[in-house]
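Encoded as structure tokens, the following chain is the form predicted alone, with no partner shown.
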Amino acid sequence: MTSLLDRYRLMARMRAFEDACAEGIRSGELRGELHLAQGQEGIAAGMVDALRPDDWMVSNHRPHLHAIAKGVPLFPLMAEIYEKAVGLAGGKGGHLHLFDPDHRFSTTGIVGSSLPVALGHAYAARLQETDDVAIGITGDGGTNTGQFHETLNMAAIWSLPLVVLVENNEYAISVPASEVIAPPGIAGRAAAYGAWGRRVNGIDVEAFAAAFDEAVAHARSGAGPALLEATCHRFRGHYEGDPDVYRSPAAHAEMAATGDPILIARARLLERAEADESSLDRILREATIEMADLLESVRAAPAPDPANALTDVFARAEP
């Protein structure tokens, strides 16, 4: 079982990874929207024990931390985000279209669309008679789409090994979840489909890990789908460049003070005397240095050759 100290180290690396990604927006190296998940590290770092290499994961438009949790190598991952030729998709997909079949990880940038794709993986596992599990990840906004309900209904009818993970960061872009999600809330919707359902504090990495382990075990057992709602905070705007005027400075200060999964894990490690201040500070410094070195390597990598713009766009016909 992964220790809390190891999860702290993983969360530190995840945050430093996204800090390095954000540099590309400030420098102009990255174009378009970049969606960061800073503040949600407790969820990704809580997944690592329950997942197996042969499980599938389909993420959404905020995918970086999920990819790290699934074991996607960091160099081709960041290289894809920086649209380099050595990226996961040759630099053609960017951060919204990460795809790594070797590690059974993919994303879709369309809200809610990750779930039916994960449903397909779960159905394939059933046809192939394996005990693989598929994880479909969406945000609170995605649970108000038809795809969420169709996915849960089909998974329940066929008792498919699917975990629907909802990262409820309270905002669908700028719309508060409390204004658009009717009682009994997101996890409460599981009962309508006879599915396993639970709500958990996603900023507590240990609490989330325990709940995620249970959700995956349920799905893997053949008992049908599980719906896990993890509450959390999104520290950044919806995307880099979002002025985030719908939240007050006081709300941001409150999130930083009481809602940071890294600080919560740090306080717990100190309280249990499992680490001291200097060792925890060293972990943060090492993570920053690691990701700075990684970014330097990515920046030195070649851009895609324009001559290859049309390669890999269409499937090749069988001879």
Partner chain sequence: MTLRANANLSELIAQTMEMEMERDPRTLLIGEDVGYSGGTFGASRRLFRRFGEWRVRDTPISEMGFTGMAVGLAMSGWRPIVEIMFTDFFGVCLEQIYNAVAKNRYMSGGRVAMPITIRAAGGAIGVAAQHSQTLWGMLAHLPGLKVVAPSNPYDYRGMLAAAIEDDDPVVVIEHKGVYLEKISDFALGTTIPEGRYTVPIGQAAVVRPGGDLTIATLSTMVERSLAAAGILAAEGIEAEIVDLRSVVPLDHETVVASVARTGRLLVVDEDYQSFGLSGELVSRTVEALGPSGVRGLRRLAEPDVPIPAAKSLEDEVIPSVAAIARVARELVA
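Residue numbers count along the first chain shown, from 1. Computed from a prediction, not measured in an experiment: that's the story for all the values here.
Omitted here: the form predicted in complex with the partner chain. The next part is about that form.
A.B. asks: Looking at heavy atoms inside 4.5 Å, which stretch does the partner chain contact in the model of the complex, given the options 213-221, 151-159, 239-247, 124-132?
C.D. replies: Result of the contact check: 239-247.
A.B. asks: Since the partner isn't included here, can you check whether the partner chain sits close to all of E83, G93 and I173 in the model of the complex (heavy atom within 4.5 Å for each)?
C.D. replies: Every listed residue reaches the partner chain in the model of the complex, so yes.
A.B. asks: Does the 4.5 Å heavy atom contact test between R31 and the partner chain in the model of the complex come out positive?
C.D. replies: Yes, R31 lies within 4.5 Å of the partner chain in the model of the complex.
A.B. asks: Just checking whether I110 would be counted as a contact of the partner chain in the model of the complex - the rule being heavy atoms within 4.5 angstroms.
C.D. replies: Output for I110 is yes: heavy atoms within 4.5 Å of the partner chain.
A.B. asks: Looking at the partner-bound form in the model of the complex, is V313 within 4.5 Å of the partner chain by any heavy atom?
C.D. replies: Residue-level check for V313: yes, a contact with the partner chain.
A.B. asks: In the model of the complex, does H97 have a heavy atom within 4.5 Å of the partner chain?
C.D. replies: H97: yes, in contact with the partner chain in the model of the complex.
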